[in-house]
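Two separate entries follow, structure 1 and structure 2, each one form of the same protein chain as structure tokens.
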Structure 1
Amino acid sequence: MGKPVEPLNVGIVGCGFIIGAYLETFPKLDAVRLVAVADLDRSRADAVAAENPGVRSLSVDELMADDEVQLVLNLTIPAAHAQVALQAISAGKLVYGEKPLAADSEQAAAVLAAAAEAGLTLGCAPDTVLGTGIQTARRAIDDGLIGRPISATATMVTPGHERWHPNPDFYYLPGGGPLLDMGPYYVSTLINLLGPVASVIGAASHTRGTRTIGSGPREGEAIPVTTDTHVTGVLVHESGALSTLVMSFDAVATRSANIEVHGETGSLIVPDPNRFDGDVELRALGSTEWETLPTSAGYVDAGRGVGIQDLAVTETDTEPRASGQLAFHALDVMESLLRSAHSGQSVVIESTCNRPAVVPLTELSVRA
């Protein structure tokens, strides 16, 4: 890994809810510089530019054609991810996108192929897996603290994002649902911890035909639900380890750990994969206590966007850790779970990916 002399110039397409999290992280990323923003709704881009000196508000086409922009950060809704990524690639830009890589794996495959053909690096959220929480768990597994990994459980239960998101429609359309919305955090984490997935078996349900928006100008409006809202299944990793997944927008909460990993000689409690930090606890065979492990790996005090820093400091011929290929494999796994749920059959996963290298414990530094 070697740092570029100049930071990578980033243009954001999509100035909605999540951009705020990225804007908070950017000052900590010395290899990344925000230069421009765009949105179909120009007033949203104007508002971001007005609050961030040096950042220009452009139309989407202007941003794609802008010589200063080297990487397009795609923060649009899932249905627009592929189209925006393809436009950026054809304009010769690197791309880093919010999850999922695309609304479906067919579109995602087209994005991967276009980036490969153009020789342009493609990165994709989630980058929470690069924080100290998941990375410390990963190092514990690599260091043999649980022996041979046998299984994991991953549980996400919530009553639904329409309670807080002012425009939650996309969560209940194809490309949304608890699996495609929250699953990327869990499936990417399981891939980082236990490696790629060889096959899956799933089951799913769908309780209500509409949801009611709970906040903002559209509060009280009913929106249609055309996705499964409770999805469960088993991932058979290439290593032979088995992960059990529960993703739900239909229930209330869980008190169990979000993720547990069990090995022959120890069990690990892994922190929330939708966050960057959190304690990792180990219960070793023969011990009666859970022990909190010292933080040993990952980007310290990271936030959304650290995956772009990781991409920027990765040698050009090396895959970034939050890679398009890993995101594609995660999407393939999630779609295959839904296919399995609908067919009742186990599904073999055709794609695979590299298990990214562990992130050494790395302090982020504010650019001078």
Structure 2
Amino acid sequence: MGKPVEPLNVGIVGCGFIIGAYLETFPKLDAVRLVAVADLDRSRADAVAAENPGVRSLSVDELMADDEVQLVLNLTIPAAHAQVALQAISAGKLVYGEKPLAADSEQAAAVLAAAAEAGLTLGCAPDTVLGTGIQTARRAIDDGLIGRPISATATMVTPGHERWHPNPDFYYLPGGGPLLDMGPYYVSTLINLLGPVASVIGAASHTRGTRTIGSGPREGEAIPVTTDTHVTGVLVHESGALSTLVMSFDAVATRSANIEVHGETGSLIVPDPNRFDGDVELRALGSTEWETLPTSAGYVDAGRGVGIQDLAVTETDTEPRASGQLAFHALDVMESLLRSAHSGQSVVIESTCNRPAVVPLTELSVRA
């Protein structure tokens, strides 16, 4: 990987809850420098700037026009992702966004096309796949520790975000649900481990018409549920491997691993893809014990925003690992799975992406 002479200057649009996670990571990223923030609620941007010396509070239009800002980190709500990304691209900025790339694949395609036409790099979360947990599993697969990969299982179950979230309405509206909320972590991981997806077949259920908020000022209020709350399906990878996916806001808990990958000569337990670290366990053919593998790849002690570091140090003509194309393919896979669930028919995935290169074991260092 190449490395810039100077850090990449970042301006953030959207100063809601998630910005805190990025602000914790930025001091570890020697190739990234935060220079400006903006929010429709100017007081929120002012508050972030006041707590971060050298960071300016701007309006969105001012940030887009600012020559110092080289990359726009898009932390707005999903419904605004495409609009903000297109505005940034029009202003000649690189873009890195929170997941999803856009509210739907049609809008996401427009963002991809605009970035390609402008010759600008586009990145997108999740970047949890770049941490030591998923990358150590990826290294194990690449090194042949499980032989030829055959299948994977990916499971995420929870009784519902309304139990802890004070305003959970959007999780239960079209565009929400367990697949589109948590699926990006799991689908992006499966693509990293096993490559792009060729087709899907799915099923889904909608078990309750309302949910009751369990905390905050609206505690006890019933909200409507108008989207599927349990989605399952099979992803057929281009390699021939089959991944079984279960995403649920209905089930209570699971004792199984978040992700398992099975090959001809071994099986892997892969850590939670919503985390950057975690143990990878291997059971080889003929063994009776699970072995914890040494950490062998990924960004060490990473946090949200490491995808921007990866983008910054990637050669100009090379796609970053947390790329817009990968994010688009993951969104296409998830939307296709929901279409399959409603039609009862297998759906061919029209998009594809490159399987990102493994991340060498890399220590993050604070910029001098």
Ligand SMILES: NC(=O)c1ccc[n+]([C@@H]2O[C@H](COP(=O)([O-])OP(=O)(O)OC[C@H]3O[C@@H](n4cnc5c(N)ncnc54)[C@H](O)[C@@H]3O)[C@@H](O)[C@H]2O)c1
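One-based numbering along structure 1's sequence throughout. Rigid core here is just the name for the largest C-alpha set that superposes within 1.5 Å across the two forms. None of the values given here were measured: they were computed from a predicted structure.
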Taken from the structure described, the form predicted in complex with this ligand is structure 1
Item checked: Flag for Trp164, CA shift 2 Å or larger between the two structures after aligning core -> yes
Note to self: Thr226: after superposing the rigid core, is there a C-alpha shift of 2 Å or more between the two structures?
What the structure shows: yes
Review point. Taking the rigid core as reference, does Leu293 move its C-alpha 2 Å or further between the two structures?
Key: no
Superposed on the core, the Cα displacement of Leu173 between the two structures in Å comes to 2.8
